[in-house]
Structure formats: structure tokens, C-alpha cells
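Listed next as C-alpha cells is one chain, alone, in the form predicted on its own.
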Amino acid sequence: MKKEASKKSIINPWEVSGNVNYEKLIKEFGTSKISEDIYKKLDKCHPLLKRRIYFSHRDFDKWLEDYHKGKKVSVITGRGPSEKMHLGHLVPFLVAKSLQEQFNCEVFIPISDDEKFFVKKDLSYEKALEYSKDNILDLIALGFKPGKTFIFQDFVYTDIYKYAAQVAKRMTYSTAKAAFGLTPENNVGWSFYPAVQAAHILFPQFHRGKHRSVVPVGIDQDPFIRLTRDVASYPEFNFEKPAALHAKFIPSLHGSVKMSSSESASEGVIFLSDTAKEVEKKIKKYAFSGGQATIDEHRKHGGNPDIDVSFQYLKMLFEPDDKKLAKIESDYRSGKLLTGELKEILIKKINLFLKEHQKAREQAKKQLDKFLVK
């Protein structure tokens, strides 16, 4: 298949498109590249970290330093529910769970049903709540530690408003506007939301006192981090500036830069609720290939795993064994492994994961009280 023509990139909290130059983003956003020293300290963490899918940070070195000094640290990462969850949504939560396991820290997960209610014109209040409950089950099913993991919905845990109000009083409209540029705001609820998001990011400190927390997040969400770091230093709060870990984007099945639920109609995503047959159909029919046009050409010239979606999914999510992944990559580049065979490997891996996840999701219905903040 032909590679997509070069397009100017658009990277902001509401739109991601075009070809992304991650090295350039580090300079533009003023973040720091994750060093080899930091990666060495994450040797027990999820492949998303070890394999450099998370590539940039703000003060994560300080977070690690605080941990090794015996100070309290935590993780905060949220979910804006406007649809059932798909594979792309898992990225920050798999990393949050991995950090919890390696560093035995608390994880806070705000569910911003209010954001989606404000932004999505066709999303009713009742439907926003329904998606929240559905997504929460998927999050619990990932295996977070009860007693160390705290999930709350903005529409249910309304105490978040008292924190957002304190932030809002000290955040000028022009400051919020400058942080995001032209936003899709069309109601006063959406105009207020930057204060709510800052309250989410600072929630561990509002709730547990001053300490350093880290936010695993897509690089497109960094404007929220920058704004909140400014808020944290206000004398009225005197909080630690939250750290951040920035991820690259997981591509859609079609090979576009970021997996999005908006592509669901054209089968661009794998939902966590998909059946084994649905997964097989989507991967075989829609997964962007880095292989050649014919078997003979592929045997001769080999494939390109760098653009092949099936290989990228294995690398990011579904093949934890580095040696096995290296063998798959080598065989694909040499032409020994065909595109169809590569897809079959991925199909089996995804379906095994979803089978276990869907079973755990049913069990999660009995565990809600262990995780929900009320």
C-alpha cells in the first residue's frame, strides 16, 4: 500500500492530523526527551514505556527522585467518556497500572463526563452517565489495585466542583484562552472546563496533600498540563507542579496518525467489546499493511514494519517479549513472514486479551465500591 502523502500536522487537545514529528514537538512544547537513565529505571514497566512509545516528559525525573527518597508520589490520568472504549484509550491506563505495580503508588482516575456533555452537541446528560459507567467497568477490569486506585465521575462526585471553583477564581479567561488557542467552545460550560481539568490534575494534592504526581497523557493534551503547572505554583495552593509523561499516538487500523472513535463507522478501531469474529474481520480487511503488492515481491523485497499497523499494535500493546518481537520484525523485513501471517499473529493476541478482559469486566461489576470515590 502507498504511504499517505505528507501533510501539515495539527496537534491540539481536540484535533490530531497530518504527519507528526515528535522531535519537533519536544522543542515546540518545551518538554524534555526521556533519557536513557530514566528508561533504565522503568525496566519492569509496560512495553509502552520500555519501547519508547512514551518519549517526552515534564519533571518525571523529579517524580522518580522523590520516590527513591521515600516521598509520596502518585499517578493521575482520566477518561472523557463519549463512546465505548477502544484499544487506543488503553494507553495511559496501562502505563498508570504499570507505574502502580512498580512503585506501589496510588492512582487517581477522573471521569470527565461533564466535558463530553459540554462539547458533544448530540450527547445527552443521561447518555454521558451511561458511557461513564460502561467505561469505568473497562478500567477496573485492567487490574488496578483496590485501595490504591480511586475513580470518580464529575457528575456524581460533585466535590470536584469546590476544587474547580478555587482554580477558576484564580485563572483568568485570557490565560485559559492563550493556553489552547482557538477552542471549540460554544457554551459557558465548555469555557469553564479548563478549570475543571486543572482540578482533576491537582486532585491528588487537594485530596492527599502536597506531593508530586505524574500524568501519563498523549502529547496533544500537554496544553492542559502547562496551564495546570502554572496554577499549582499560585501562592494560594503552593502545590508541587505535576509531572507528565507524553505518549506517541497509536494509529487507527487505517494507518491514520491517531485512533479515534469517529472512525468506528468505517471500522477504524477495535473496541474492547468486539467479538473474536469482529476483530478478525477488522484486522484482515482494514489493517494498514507495510507489505508488498504480491507474495513474490514481498518474498523478494520484504515488508516495512515501521508503517505496518499490525506490527505497531504488537509492539505497543500485544507482544511483551522483546525477543519474540525482534524475530517477527526480522522475518517481516526479510520477506519470510507474510502480511497475512503477521495479521494472524495479531488477531490471536488481541482476541486472547479481549477474552480475558471481557471476563474481568463482568467481575468488575461486583467491585465498584472498592474503586469509586463518592
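Computed from a predicted model, the values in this text were never measured in an experiment. Throughout, we count residues from 1 along the sequence that is shown.
The same protein also exists as the form predicted in complex with a further copy of the same chain; that form is not shown, yet it is the one meant from here on.
- Tyr173 belongs to the set of residues with a heavy atom inside 4.5 Å of a further copy of the same chain in the predicted complex.
- Residue contact with a further copy of the same chain in the predicted complex: Ala293 places no heavy atom within 4.5 Å of it.
- Mapping the unseen interface onto this chain, Val196 counts among the residues with a heavy atom inside 4.5 Å of a further copy of the same chain in the predicted complex.
- In the predicted complex, a further copy of the same chain lies within 4.5 Å of some heavy atom of Phe117.
- With a further copy of the same chain omitted here, the record of contacts in the predicted complex names 121 to 129 of 121 to 129, 76 to 84, 240 to 248, 92 to 100, defined by a heavy atom within 4.5 Å.
- Taking a 4.5 Å heavy atom cutoff to a further copy of the same chain in the predicted complex, the contact residue among Asn186, Ser233, Thr275, Asn104 is Asn186.
- Proximity to a further copy of the same chain in the predicted complex, defined as a heavy atom within 4.5 Å, holds among Lys162, Lys210, Arg299, Lys284 only for Lys162.
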